[in-house]
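Quick setup: one chain, the form predicted on its own, written in structure tokens, and binding and motion questions come after.
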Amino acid sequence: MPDLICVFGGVYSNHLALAATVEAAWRRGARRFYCLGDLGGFGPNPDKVLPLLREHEVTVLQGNYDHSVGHGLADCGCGYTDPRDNHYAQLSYDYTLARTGDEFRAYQRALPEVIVEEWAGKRVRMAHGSPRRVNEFLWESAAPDAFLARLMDAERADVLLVTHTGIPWQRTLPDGRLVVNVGAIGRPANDGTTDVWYALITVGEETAQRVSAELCRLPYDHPRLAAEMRAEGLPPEFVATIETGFWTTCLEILPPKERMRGRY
């Protein structure tokens, strides 16, 4: 029987989507869960995330947000360059840092920066942004095969799993190696729906050496999250993203192809 593994990223304090992701993947048959980082940010009440991670025994990789919150740094280290992007990123980070308790900060500080495993004889490298930099954005339209192959060569990786961009995609390289951006469960993918995304990795399908991925769309109780965000006084632009499925902030980092999918 194939082994199903749930991999997700970008929780962004969305405890409702986290609970829904685990439940949906469990119903599909997943019994192992991995998070590629960024537990806080954007959403409300970040401390609600920690009990769920522990309850479901999620293996978590340290993202840029987790590193910054865990060490009490001045900003999220998100990798933005535009002043407007950085303005909203700072609002999100300041809120999250102020409302993350000591226990959750210590948890994030202790998270591993690298996860490497072997699944069905394949070397699987997990990263938040990319193997070479935690806040590197691997956009589908800006990551040619040759570039991805070089990243994987440096890691001796057969499978590369990343997040950080918040927009899911996957690609099988000409030599058969697999790259998957698992998306984010904390906010929509700038596609005009309120759903979020995670990945189900199938190990051992058809042959013992096969690893494949399915990108899964997930509805959850987004009106409840929006209400929590309003109650916490988060920016209305953030709430609008949750309610419409379109990004309203942190847009300047998007390549043209990815930005054209959105409204703004």
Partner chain sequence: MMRPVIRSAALRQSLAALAADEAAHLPLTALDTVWIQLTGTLCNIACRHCFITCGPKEDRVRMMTRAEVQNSLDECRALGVKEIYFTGGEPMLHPEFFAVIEDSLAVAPTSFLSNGILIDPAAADRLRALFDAARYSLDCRISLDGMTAEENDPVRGRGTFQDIVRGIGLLARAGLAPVVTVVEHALGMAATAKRSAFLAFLQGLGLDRPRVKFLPLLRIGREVRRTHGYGDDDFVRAGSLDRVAAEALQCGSCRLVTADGVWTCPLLLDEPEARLGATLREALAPIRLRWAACHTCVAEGLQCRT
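A quick note: this is a predicted structure, and the numbers were derived from the prediction, not measured. Numbering follows the first chain given and starts at 1.
If you look for the form predicted together with the partner chain, you will not find it shown, but the lines that follow are about it.
- In the predicted complex, none of the heavy atoms of Ala120 sits within 4.5 Å of a heavy atom of the partner chain.
- Among heavy atoms of Gly192, none comes within 4.5 Å of the partner chain in the predicted complex.
- Among residues of the shown chain, Met152 is not one whose heavy atoms approach the partner chain to within 4.5 Å in the predicted complex.
- Taking non-hydrogen atoms only, Leu97 never approaches the partner chain to within 4.5 angstroms in the predicted complex.
- Only one listed stretch (107-115, 154-162, 178-186, 81-89) carries heavy atoms within 4.5 Å of the partner chain in the predicted complex, and that stretch is 81-89.
- Contacts to the partner chain in the predicted complex (heavy atom within 4.5 Å) from stretch 129-158: Arg132, Glu136, Phe137, Glu140, Ser141, Ala142, Ala143, Pro144, Asp145, Ala146, Phe147, Arg150.
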